[in-house]
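Have a look below at one chain only, the form predicted on its own, in structure tokens format.
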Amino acid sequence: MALPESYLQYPRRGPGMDHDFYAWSPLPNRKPIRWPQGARIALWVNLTVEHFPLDAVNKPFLPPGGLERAYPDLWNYTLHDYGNRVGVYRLYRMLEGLGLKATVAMNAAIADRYPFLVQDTARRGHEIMACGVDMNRLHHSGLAIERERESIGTSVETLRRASGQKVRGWMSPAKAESFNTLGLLREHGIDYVCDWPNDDLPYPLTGPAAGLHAMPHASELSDLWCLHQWHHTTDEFAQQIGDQFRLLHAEAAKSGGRVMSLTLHPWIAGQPHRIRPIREALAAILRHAGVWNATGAEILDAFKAQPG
């Protein structure tokens, strides 16, 4: 059976992107970035603090790390709860011992269930970033726009009230979006989004997302993928952290500043046997000159302040 002629017709065929959310912009063609104090690397440490409801329906897909056993999946539920009860404070102590601050992505459900955790995170000087309502409220194109608008508003405003911060950043649960997500984030005063892992620097979004910037939030260099999904050892993960830094540091010496993002989940990286290798990898980074530890909002402000 022959294919109809319409099968080969595609209105976006040609150079460039097949959407209107950002312009094609190869990194080598851009003007070099200069970070504060002449730093080569903006070191952006990210923690992700999530709530996976026990009655999750996992629609339209199972989020990475989600509850996958038959109801009630108490084993997975309590594993995640360990991160919010124990692991997150272990990571905070590690970071504070190194003199580092982080951006902490949180579901709004964390503020409802553990308001002290939100307040304590802000008190410690970490930035809070919105991460949806919970890990059962996924954003996707089958979601009605009013329902998605309500979810984003609930997440952002709940965390703003609980933390006292402006909450300028957003990461969607499971990094899933609909075609409406970015425009709705602008409606709620969000400045940067972490769902697009396609660069080593921030870049402006366009079209319905104009005014937002995409931030290079680590997907590859994440304990969720390296340790939980790919089953690497923590020593291998620590080596990957060092390898990532050394290459970016060398590139930055020739081509301008880079962002190095590291993503940690308290229920994974906050386990006792994993702290030492991660701490040692971060300590090794800090022994190099030209490292600027910053939050997502600070990196975005420095990027937007670049001349020209």
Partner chain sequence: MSEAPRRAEPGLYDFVPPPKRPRITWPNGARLAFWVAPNIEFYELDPPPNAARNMWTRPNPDAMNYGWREFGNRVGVWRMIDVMAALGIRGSVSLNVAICDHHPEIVRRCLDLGWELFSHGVYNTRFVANMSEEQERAMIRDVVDTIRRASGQQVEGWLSPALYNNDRTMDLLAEHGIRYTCDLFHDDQPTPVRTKTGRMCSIPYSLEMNDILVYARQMQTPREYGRMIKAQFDQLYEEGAESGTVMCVPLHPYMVGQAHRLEPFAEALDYVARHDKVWLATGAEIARWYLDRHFDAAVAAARAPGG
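Note that the coordinates shown come from a computational prediction; the quantities given were computed from them, not determined experimentally. Positions refer to the first chain, counted from 1.
What follows is about the form predicted together with its partner chain, which we do not show.
Using a 4.5 Å cutoff between non-hydrogen atoms, W75 does not count as a contact of its partner chain in the predicted complex. Its partner chain in the predicted complex is not approached by A305, whose heavy atoms all lie more than 4.5 angstroms from it. Although the partner is absent from this view, P32 stays clear of its partner chain in the predicted complex, with no non-hydrogen atom inside 4.5 angstroms. Of the heavy atoms in D120, none are within 4.5 Å of its partner chain in the predicted complex. The single contact residue among L247, A283, A253, V57, judged by any heavy atom lying within 4.5 Å of its partner chain in the predicted complex, is L247. Remark: none of the three candidate residues (R113, T154 and Q271) comes within 4.5 Å of its partner chain in the predicted complex, counting heavy atoms only. Heavy atoms within 4.5 Å of its partner chain in the predicted complex map, among the stretches 238 to 246, 66 to 74, 36 to 44, 272 to 280, onto 238 to 246 alone. Contact annotation for 143 to 179: residues with any non-hydrogen atom within 4.5 angstroms of its partner chain in the predicted complex are A174, K175, A176, E177, S178, F179, listed in sequence order.
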